[in-house]
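Read the single chain below, which is given as structure tokens and is the form predicted alone.
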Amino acid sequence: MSTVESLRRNAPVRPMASGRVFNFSAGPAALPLDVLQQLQQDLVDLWGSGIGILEHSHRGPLFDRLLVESHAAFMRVAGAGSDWAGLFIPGGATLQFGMLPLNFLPEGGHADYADTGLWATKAIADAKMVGKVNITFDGTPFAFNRTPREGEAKPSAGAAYHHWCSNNTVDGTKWSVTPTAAPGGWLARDASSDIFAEPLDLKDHGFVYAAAQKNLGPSGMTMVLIRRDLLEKQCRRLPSMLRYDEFDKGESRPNTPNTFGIHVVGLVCQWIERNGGVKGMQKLAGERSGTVLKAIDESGGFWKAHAERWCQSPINVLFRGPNEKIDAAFVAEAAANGMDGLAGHRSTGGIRASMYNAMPVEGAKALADFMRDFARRNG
């Protein structure tokens, strides 16, 4: 028996849910129900064409229209003007860990990186394979339970750019202040888990990227915002699929793109516009996280949050009970009660409630009520 076959046979089996459950997964994460229902139709027949989105040519006139509409919706929600390029790039955010320095970390130069958690650590490792990296903040002594305070992540002279991850999914922390770049440099932001959960501040930035599978769409693709002046400053010769200017010139299709993913991102951005825009999303994020944090505070010490409160993420709330056995029991009981995806990341353990834009406030309320009930029964 092959390893894959063995894993399939030994995989835990859950009864089929009778309906939609509250999905607290960190990603791939919940998508708006309105979008999913539209996609059901579009998979079979896109816009009355008699052909589904998965079947349309990426060079056909109907996809030309779809690409224009999806791109325009993304740029509107981002608040990005004509001096920015918005790119649909395959490979997920992890590809950007190498692609960014390959394009903008020059030979003999260096870039600044703040290490605030697992994904920032991985970005640093990949950048070091390209060139010299200066660490402006090291969160390991704090077990990544906090981000830098103002002025703590100081840029170094001559750094090409300063990379930061604004919301740390694994540890549930968020920067309380935007870092600064060295004179002549610019900020590069990994916004994978908080993009469009708040207004996107592009000031002092040259580059923003976000994996789609948390707040934008399906896994396997990334949205990149890049200042147009930087497209002319790439520092080394690279294959076409690693060049941002090639994606820009080719309208994000230097090869056959993820046509389905582009459509989903467009629909999600239009959904955001219909539901209060990014300011509306920010308000709901605060309401959801506040509801869960209140249950932690009212537990009499039964539940303990991982992140320091002043830099607590409004998107990912990490907490744990008295011991690992309790945490595992909570995750299992929650799943049986229609709340899935609550197990913490394998590197941190505990419990993690990821509440992206598509999570209804009712999901946070259901989780908080269950937390109170569970603590009463097990305290």
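We number the residues from 1 along the sequence you see. If you're wondering where the values come from, they're calculated on a predicted model, not measured in any experiment.
Although it is not shown, the form predicted together with a small molecule is what the next lines describe.
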So if I measure heavy atom distances to the small molecule in the model of the complex, which of the stretches 296-304, 185-193, 171-179, 73-81 falls within 4.5 Å?
185-193
Should Ala93 be counted as a contact of the small molecule in the model of the complex, where contact means heavy atoms within 4.5 Å?
yes
Is Met223 one of the residues lying within 4.5 Å of the small molecule in the model of the complex, judged by heavy atom distances?
no
Is Thr259 a contact residue for the small molecule in the model of the complex, using a 4.5 Å heavy atom cut-off?
no
Within 4.5 Å, heavy atoms only: does Thr136 come near the small molecule in the model of the complex?
no
Residue within 4.5 Å of the small molecule in the model of the complex by heavy atom, from Phe144, Phe104, Phe247, Phe97, is Phe97
Consider the chain as shown here, without its partner, and state which of Thr291, Gln270, Ser252, Gln213 has a heavy atom within 4.5 Å of the small molecule in the model of the complex.
Gln213
